[in-house]
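Below sits a lone chain in structure tokens, taken as the form predicted alone.
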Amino acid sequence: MDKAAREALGARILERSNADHTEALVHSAQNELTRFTHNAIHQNVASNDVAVSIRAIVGLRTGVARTNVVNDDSLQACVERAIALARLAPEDPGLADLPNGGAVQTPPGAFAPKTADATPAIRTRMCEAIFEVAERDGLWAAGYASTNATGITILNTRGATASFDGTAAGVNVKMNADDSTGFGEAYANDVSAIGARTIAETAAQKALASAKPRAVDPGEWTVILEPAAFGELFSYIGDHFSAQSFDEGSSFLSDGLDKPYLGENVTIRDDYAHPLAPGMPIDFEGQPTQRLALVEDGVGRAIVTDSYWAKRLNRTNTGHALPAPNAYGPQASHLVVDPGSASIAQLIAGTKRGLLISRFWYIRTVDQRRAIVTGMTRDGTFLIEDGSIVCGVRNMRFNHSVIEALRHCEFSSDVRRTGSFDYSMVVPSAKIEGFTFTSGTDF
């Protein structure tokens, strides 16, 4: 559904409401996924849906109802359900006015027609390139290729009207050998920018190079995390920049802004316009999103807000709302970590003894406020001695604070886009001192 059709649908919703104020969120989503294992495609799935979320405000009460049936009768019923839910809800003295929007400009490259028009045949050709590399090297590959197109429109009775159209494509490859594995990934807005064969070559090289892995002792290590590993670790402090986490005391920033928290070489931004990950310039209330320095040279500088938390904390609305209602508060969804000055080859060359880690697996939070997490290495872990990669090592479990890691780190000069089903970010590789491993494995 294009922007004009979404806006027309949103207007039909507002016309039907007699609430004090009403918000219509129209979300069209085309998601396509091709999964493979043992060098063969085993699943092709696709969905194409249009859904609406209606927020009705009656006095100091709010109700939200949703439907993906958008004929007149269904829209009328959904509006009435949202109003009825609002009348049943408890009053919220902190309820804020809906935003009245503002001018926005979608960053270049956010929408790529080739991704929106991608067919199963295109994803099949990407998979075939991966299989050719795997079969050449006597490996088997597992993973996926995905293409998505999303359209968002928000209208409300205070005059906000905002729309965004974006695309995303990704390839995730795990190469499997007899006693080792390797990993590669790529994400971009334009599917034609993803080199599936190149990603497969990276994953295959890691699988072959880590064959016959050695066991090393747990303890404190110097580690070099490639972007996929660092991004997965870093994602566990993403919600620390939320005004809700800040106010409730679960953020490492909760002791106050303008204080040093991380290393002086650490600058973290929320930037929807980064060239590697151009994204949505509005939030799910239609408020323009601000590009923010969250941590600057190690000093906490900003948190992100929506209308509710901006009013509650008497701060500016930075335009980071999620769809209402949600338990997470506003979120920084376009995180970027500024690079350092050394290449990853120089970081490795400068390491007396350490580990090079491709990715982590199943990270879970141990202590929210201190951002202590636990997880496993996976799909390519290597021993570094005297500045050179020596061999693959068996996987290990770590238990470490992300905050402590960011106090004792050095970044590479290049950045990459990395992600998963619930995050996307732009980060460099990171060399971290004193990273704690608590146990080893047999694989």
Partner chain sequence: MGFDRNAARALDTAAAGGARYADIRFEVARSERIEVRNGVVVTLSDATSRGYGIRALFDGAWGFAASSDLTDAGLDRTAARAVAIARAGAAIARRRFGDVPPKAYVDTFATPMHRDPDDVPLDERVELLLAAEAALHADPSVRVGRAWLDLWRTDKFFYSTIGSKIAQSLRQTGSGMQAMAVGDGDVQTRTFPGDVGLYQSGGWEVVEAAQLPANAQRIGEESAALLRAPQSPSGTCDIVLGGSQVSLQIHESCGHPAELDRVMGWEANFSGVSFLEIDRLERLQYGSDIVTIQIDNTLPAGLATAAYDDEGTRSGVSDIIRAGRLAGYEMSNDTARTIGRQSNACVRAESWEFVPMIRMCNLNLLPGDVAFDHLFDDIADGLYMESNRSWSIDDHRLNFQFGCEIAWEIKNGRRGRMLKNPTYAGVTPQFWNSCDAIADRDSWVAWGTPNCGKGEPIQTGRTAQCASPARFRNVRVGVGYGG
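Bear in mind the structure is a predicted one, so any value in this text is a computation, not a measurement. Positions refer to the first chain, counted from 1.
This protein has a second form, the form predicted together with the partner chain, left out of what is shown; the following refers to that one.
Segments offered: 173 to 181, 219 to 227, 333 to 341, 257 to 265. Contacting the partner chain in the predicted bound form at heavy atom distances within 4.5 Å is 173 to 181. Distance criterion of 4.5 Å from any heavy atom to the partner chain in the predicted bound form singles out 124 from the list 100, 124, 198, 76.
Exactly one listed residue, out of 164, 131, 111, 284, brings a non-hydrogen atom to within 4.5 Å of the partner chain in the predicted bound form: 131. The three residues 21, 291 and 434 each lack any heavy atom within 4.5 Å of the partner chain in the predicted bound form. Contact annotation for residue 81: at least one heavy atom lies within 4.5 Å of the partner chain in the predicted bound form. At the 4.5 Å threshold, heavy atoms of residue 32 reach the partner chain in the predicted bound form. Though the partner is left out of this view, residue 369 does reach within 4.5 Å of the partner chain in the predicted bound form, counting heavy atoms only.
Taking non-hydrogen atoms only, residue 414 never approaches the partner chain to within 4.5 angstroms in the predicted bound form.
With contact defined as any non-hydrogen atom lying within 4.5 angstroms of the partner chain in the predicted bound form, the contacting residues in 423 to 443 are 438, 439, 440, 441, 443, given in sequence order.
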